[in-house]
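Before any questions on binding or motion, here is one chain by itself as structure tokens, the form predicted alone.
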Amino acid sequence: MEPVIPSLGWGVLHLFFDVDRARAECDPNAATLVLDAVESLEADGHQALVFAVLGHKADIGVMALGPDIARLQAFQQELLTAPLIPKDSYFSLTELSEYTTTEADERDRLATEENLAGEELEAKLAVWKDRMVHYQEQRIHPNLPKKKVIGFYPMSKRRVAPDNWYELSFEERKQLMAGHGKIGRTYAGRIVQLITGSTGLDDWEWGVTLLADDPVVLKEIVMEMRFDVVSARYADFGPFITGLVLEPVVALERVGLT
């Protein structure tokens, strides 16, 4: 199959399934089919997280990402050879935010807020630029950590007056997003946030994946964000799905695939 490589970013698939228990009871290789598909995907330079879903929106979830969206599509078909019934899915691409602080923004901040100039300013700016290189690389080519819980939800910005996000000027939107981002950064070290773009690709504009060891943090960050004007006035949210991230064989055992 010829690769399909986005010019920027990686493809991201969130797949949700129920177990076909009648088929599973008749198939002694049920789990092996999934495990082989995951192993093959990872051998091809992609990543996958397998999680047991909490609640009855699905039994099992898989988050897969990597450079070749044709390979991701093949992977989703490979999973269907196992006794799994598709429940839902979401496709998006990793991306950089258009509101990311620029070098000019940071230079101005250092001068006005920290009263820096000359070599001292340039030294601070060099540190910032190095940090931004690593930050942007992680946004575009993320390395998914092994956390205990995962949360996923899609979202869009409102387009209905008087709260039409897209009628605001770029500077207004950037200023609002700067405040929104500050809240997210207070959770550094406790949660990993991956925001992927899906405008024109799926039903919502972004997919938000949250990874943490403490499920309370998933609730806390979303609750705090809700009080920020970006969410309170301008955001609509889709359904939330939460799961336990486990080694694939363990996740499958928990939902009855052995």
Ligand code: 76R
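The first residue of the sequence shown is number 1, and the count goes up from there. This one's a predicted model, so the numbers in the text were calculated from it and none came from an experiment.
We do not show the form predicted together with the ligand, though everything after this point is about it.
Although the partner is absent here, Ser89 sits far enough away that none of its heavy atoms falls within 4.5 Å of the ligand in the model of the complex. Proximity of Tyr135 to the ligand in the model of the complex: non-hydrogen atoms within 4.5 Å are present.
When contacts are judged by a 4.5 Å heavy atom cut-off, Met177 counts as touching the ligand in the model of the complex. For the chain shown alone, Lys157 is a contact residue for the ligand in the model of the complex, at least one non-hydrogen atom being within 4.5 angstroms. Checking 73 to 81, 92 to 100, 141 to 149, 110 to 118 against the ligand in the model of the complex, the stretch whose residues place heavy atoms within 4.5 Å of it is 92 to 100. Just one of Ile221, Ala52, Ala48, Leu33 comes within 4.5 Å of the ligand in the model of the complex, counting any heavy atom, and that one is Ile221. For the three marked residues, Pro3, Leu41 and Leu65, no heavy atom of any sits within 4.5 Å of the ligand in the model of the complex.
For the partner-free chain shown, nothing in 20 to 34 comes within 4.5 angstroms of the ligand in the model of the complex, judged by any non-hydrogen atom.
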